[in-house]
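Take a look at this one chain, the form predicted on its own, written out in structure tokens.
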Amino acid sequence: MSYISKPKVTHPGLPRNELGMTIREYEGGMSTLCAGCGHDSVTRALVQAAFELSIPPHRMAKLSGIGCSSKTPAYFLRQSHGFNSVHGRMPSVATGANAANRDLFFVGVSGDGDSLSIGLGQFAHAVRRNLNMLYVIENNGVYGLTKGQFSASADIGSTAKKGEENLQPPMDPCQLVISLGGSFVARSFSGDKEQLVPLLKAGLMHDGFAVVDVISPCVTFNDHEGSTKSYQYTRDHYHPAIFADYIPPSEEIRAQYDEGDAMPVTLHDGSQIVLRKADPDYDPGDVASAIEYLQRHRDAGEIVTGLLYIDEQKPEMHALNKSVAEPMSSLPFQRLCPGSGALKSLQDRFR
């Protein structure tokens, strides 16, 4: 996490939202990620989305696990609640926090390793419970914080920094969530702010578990040919006499293209991915069509972006469990713990 604060200088001409706040008041600490990292673009999109929705910062709870992606909550909404959990365990912490205070906006930021490997079990059950939160996966196909090992979303044929080839098939989080019965599934690219910000806003306002899978290139471990997420060890280019843990600054990658179009995007190493925005007549309410559409374009080497699936009728966790309308965090102790007599009466019902 970063503890370096940004200079608190606000231009008097900055626009204000319905709360009278400027976008600067939705920012966080200075990023310590590599220059050009796609994750910082996701941060700016989250800042923009919260600002445009006029969400009071004190009513947002940010949660994460472990990894480069899990540093992101430190970089936006500095006045909100935050919790950095252990590797892969963010969904259970978010579930407990949401159960205690349903009045907050919950945002979980995770990575492909944190969600699809060690955290897959917890992630799947958060989907099953339809936990009311926005869950952002910053997906780059590697464990960037621990020197670029393959993650569960790495493509077959990808090569690591020492030349090993990945032979395991990739896991597609969007297909996974749809098959698990998720109620909101979207995908975007970190460099396409025009598409990403509206998807994040829709996810924040969705009444249920909203997953946004964001393809976010890693500038440090993406130097190889043929990968959709590209990673190769950059130190190969340095002279041994000045060997240092240095990553050359890079420009963030941006992309702009229309609905229904496919667009090749050149990554920092010169390799390419092909992004395709869902067709204007695409139906995000049909499960079978959504899975078939994703698979068909994946077989063609394309990554589909946009709102891929939504079910606005599925009840979220509190509705399923018939929770009281008032947040449990505000209930008096006597109601939360009515005493041993009430416990005995409850137990007798199951004898």
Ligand SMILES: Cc1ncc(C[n+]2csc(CCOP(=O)(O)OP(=O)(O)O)c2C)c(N)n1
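What you see is a predicted model, and the numbers here were worked out from it, not measured in a lab. The first residue of the shown sequence is 1; numbering continues from there.
Omitted from view is the form predicted in complex with the named molecule, to which the following refers.
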Could you tell me which one of V93, L176, L120, L145 places a heavy atom within 4.5 Å of the named molecule in the model of the complex?
L145
Position in contact with the named molecule when the complex is considered in the model of the complex, options V47, C68, L63, I55, heavy atoms within 4.5 Å:
C68
Partner contact check in the model of the complex: of 204-212, 68-76, 163-171, 176-184, the stretch with a heavy atom within 4.5 Å of the named molecule is 68-76
Wondering, does G108 line up within 4.5 Å of the named molecule in the model of the complex on heavy atoms?
no
With the cut-off set at 4.5 Å between non-hydrogen atoms, does R128 touch the named molecule in the model of the complex?
no
Please run the contact check for N140 against the named molecule in the model of the complex: heavy atoms, 4.5 angstroms, yes or no?
yes
Which residues from 91-121 come close to the named molecule in the model of the complex, meaning a heavy atom within 4.5 Å?
G111, D112, G113, D114, I118
